[in-house]
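Single chain ahead, written as structure tokens, the form predicted on its own.
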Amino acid sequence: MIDAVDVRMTFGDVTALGGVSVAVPAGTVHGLLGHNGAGKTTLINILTTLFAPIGGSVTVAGFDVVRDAAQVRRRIGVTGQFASVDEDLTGTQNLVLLGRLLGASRRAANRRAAELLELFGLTDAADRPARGYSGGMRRRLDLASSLVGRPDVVFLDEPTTGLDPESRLGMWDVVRTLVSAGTTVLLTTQYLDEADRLADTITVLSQGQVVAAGTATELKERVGRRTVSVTLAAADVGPALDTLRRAGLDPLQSGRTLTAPVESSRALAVVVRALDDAGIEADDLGLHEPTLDDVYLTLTGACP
């Protein structure tokens, strides 16, 4: 549904995108990660026909974003970084207005508005002016607005920025509902846990370049290894170091905690058996997987 190949974009002497390629199959969520200035919003603006790239090719829903821009716009929905709703209109009026502008009859526009207000948990606030909505409610109404035309592809540019944890979780549920119905979603976010939870595939941008792409699991395996950590009584640290080394591990010590990189979860059993055979009891023992935070920091050297 999204096929961007070698996309390039400059603003004066600044290279915003230096040959970016992204492919997103239908009915999936693709996460676009990167720090501020990495090129995420520029790429979104190209995919949604707001900018024309200076190089490369881009199609969305099978249509070229430059030659067939009008066809692309008929098939996409966009939610920007900031909620853009008419505060003087009620929730229903905001959605009905958009439906009418898209050519729906009044009855059809009202029916679609009611469906979306229910989907986003806004039915009780349907007849209230949007100026009285909380930040999370405005964000949900904004996303509902992008779905009025039943788009094939939805672009969400940092949709949960500034939301409280409960509202973020609610937005995640909505995204999952959209995808289960066949919608394709491209999500830009600075919340790495969000990409980990929602995205089927991920592209990491840094300084206008793709530095990694794949599933969350593939990215974690590429840059990080599993570790086993053991916290012990102070008197047991030295003997435990010797025991784990004899078991073929290479632990590092930090205070009373020993941490050893391992190849698989089976190593946890090796550690337990080795300590048990040596008569050493651990205060805490755990297997730790690499996170997307580890991936991001390793690949970009920047804080998310």
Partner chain sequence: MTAIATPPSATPPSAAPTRVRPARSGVLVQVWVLTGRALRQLHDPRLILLSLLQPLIMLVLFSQVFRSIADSPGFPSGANYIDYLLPAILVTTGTQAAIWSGAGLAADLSNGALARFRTLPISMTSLLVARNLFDLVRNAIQLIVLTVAAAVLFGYAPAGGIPGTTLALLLGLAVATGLSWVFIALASWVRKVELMQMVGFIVIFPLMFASSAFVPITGLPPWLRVIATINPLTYAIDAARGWAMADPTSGATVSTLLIAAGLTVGAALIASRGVRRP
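The structure presented is a predicted model; accordingly, all values stated were derived computationally and were not measured. Residue numbers count along the first chain shown, from 1.
This protein has a second form, the form predicted together with the partner chain, left out of what is shown; the following refers to that one.
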Distance check, residue 182 to the partner chain in the predicted complex, heavy atom within 4.5 Å
yes
Does residue 86 reach the partner chain in the predicted complex, with heavy atoms at most 4.5 Å apart?
yes
Residue-level contact is defined here as any heavy atom of the residue lying within 4.5 Å of the partner chain in the predicted complex; does residue 70 satisfy this criterion?
yes
Taking heavy atoms only, is residue 111 within 4.5 angstroms of the partner chain in the predicted complex?
no
Mind telling me which stretch in 206-214, 119-127, 189-197, 148-156 gets its heavy atoms within 4.5 Å of the partner chain in the predicted complex?
148-156
Checked 74, 222, 226, 176 for heavy atoms within 4.5 Å of the partner chain in the predicted complex; positive is 74
Pick from 163, 78, 230, 137: which has a non-hydrogen atom within 4.5 Å of the partner chain in the predicted complex?
78
For the stretch 55-72, which residues lie within 4.5 Å of the partner chain in the predicted complex by non-hydrogen atom distance?
61, 62, 63, 70, 71
